[in-house]
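Shown next as structure tokens: one chain only, the form predicted on its own.
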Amino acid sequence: MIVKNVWISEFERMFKRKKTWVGLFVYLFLLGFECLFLYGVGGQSFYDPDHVVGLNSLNTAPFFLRELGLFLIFVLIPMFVVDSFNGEYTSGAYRLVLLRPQGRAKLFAIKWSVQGVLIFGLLVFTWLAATIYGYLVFPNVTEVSFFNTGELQSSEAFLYVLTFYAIALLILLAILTIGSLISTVMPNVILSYIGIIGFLIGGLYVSDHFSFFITFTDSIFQVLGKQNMTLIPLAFSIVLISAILNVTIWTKRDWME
């Protein structure tokens, strides 16, 4: 019961923050703009500069995430994570929660899960909106092919798109987890945000395998086209290692200092 109350409290505090509503409003605006943009360009998008694709009722959803991905990765999720994992602590607003008889590892898990639910909700909403939009606006088809796949029937295309969004969720959860670690160790919100963006961009200079933070949907298409075998294990590793480091720091840190 105590864990449930703390989770509800975390959820309520998130939606009491003005930045949360502003961020969600901007996301909805960009989603609406995406509809107009794709309609305005004649229902065309692309896998990469060499592969243009016409949108239809079965393949529209992944391309919505292509256009919105940069805003999610470099603006919305870092902003939410920094506010939750650094802003509340440095402002003193989290002290009342820390006074509760609750293990620090559980408090971290509650914060992480609330942010994860928000990300999951955004992806589900985007998938639903894009799928409905595709059926209403673009040609209705019974089969379609994606990058490096053969022709897929409707049910196969449906599973392909769900898998696409599941991999997108994994990448965004990796950003959430590494972002929470960076926000926990940084002294203020500005340095936390810079640290997260620095990690996302800097990883590319460490190894090309980290490029999925930048290329996002291009990399997911490559995974589903069996041309990228490292993204999923690497993203899982980032989530696992960052979570372990987070729990270690949360349990050993003197949060009342």
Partner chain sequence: MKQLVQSEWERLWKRKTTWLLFFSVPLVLLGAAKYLHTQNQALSTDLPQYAVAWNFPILGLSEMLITVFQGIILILIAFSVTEEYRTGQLRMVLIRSYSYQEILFAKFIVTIGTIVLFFAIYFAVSYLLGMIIFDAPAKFPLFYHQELATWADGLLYNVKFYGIAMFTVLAIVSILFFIGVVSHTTTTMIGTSIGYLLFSFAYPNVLSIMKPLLGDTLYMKLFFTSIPMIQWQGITAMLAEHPKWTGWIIFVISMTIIIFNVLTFLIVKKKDSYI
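Predicted model only: the values in this text are computed from it and were never measured. Positions refer to the first chain, counted from 1.
Missing here is the form predicted in complex with the partner chain; even so, the following discussion is about that form.
(request) Answer with one of 89, 164, 74, 147: the residue that has a non-hydrogen atom within 4.5 Å of the partner chain in the predicted bound form. (result) Flagged contact: 74.
(request) Could you spot which one of 229, 52, 28, 70 gets a heavy atom to within 4.5 Å of the partner chain in the predicted bound form? (result) If I apply the 4.5 Å criterion carefully, the residue I get is 70.
(request) Verify the contact flag for residue 39: yes if a non-hydrogen atom of it lies within 4.5 Å of a non-hydrogen atom of the partner chain in the predicted bound form, no if not. (result) Judged by the heavy-atom cut-off of 4.5 Å, residue 39 is well away from the partner chain in the predicted bound form.
(message) When the contact criterion is heavy atoms within 4.5 Å, does residue 221 count as touching the partner chain in the predicted bound form?
(response) Taking the distances in the predicted bound form, the answer for residue 221 is no, it never comes within 4.5 Å of the partner chain.
(request) Tell me, yes or no, whether residue 188 is in contact with the partner chain in the predicted bound form, where a contact means a heavy atom of each within 4.5 Å. (result) Yes, contact at 4.5 Å.
(request) Using a 4.5 Å heavy atom cut-off, state whether residue 193 contacts the partner chain in the predicted bound form. (result) Flag for residue 193 set to yes.
(request) Work out which of the listed stretches, 77-85, 111-119, 156-164, 125-133, brings a heavy atom within 4.5 angstroms of the partner chain in the predicted bound form. (result) Residues of 77-85 come within 4.5 Å of the partner.
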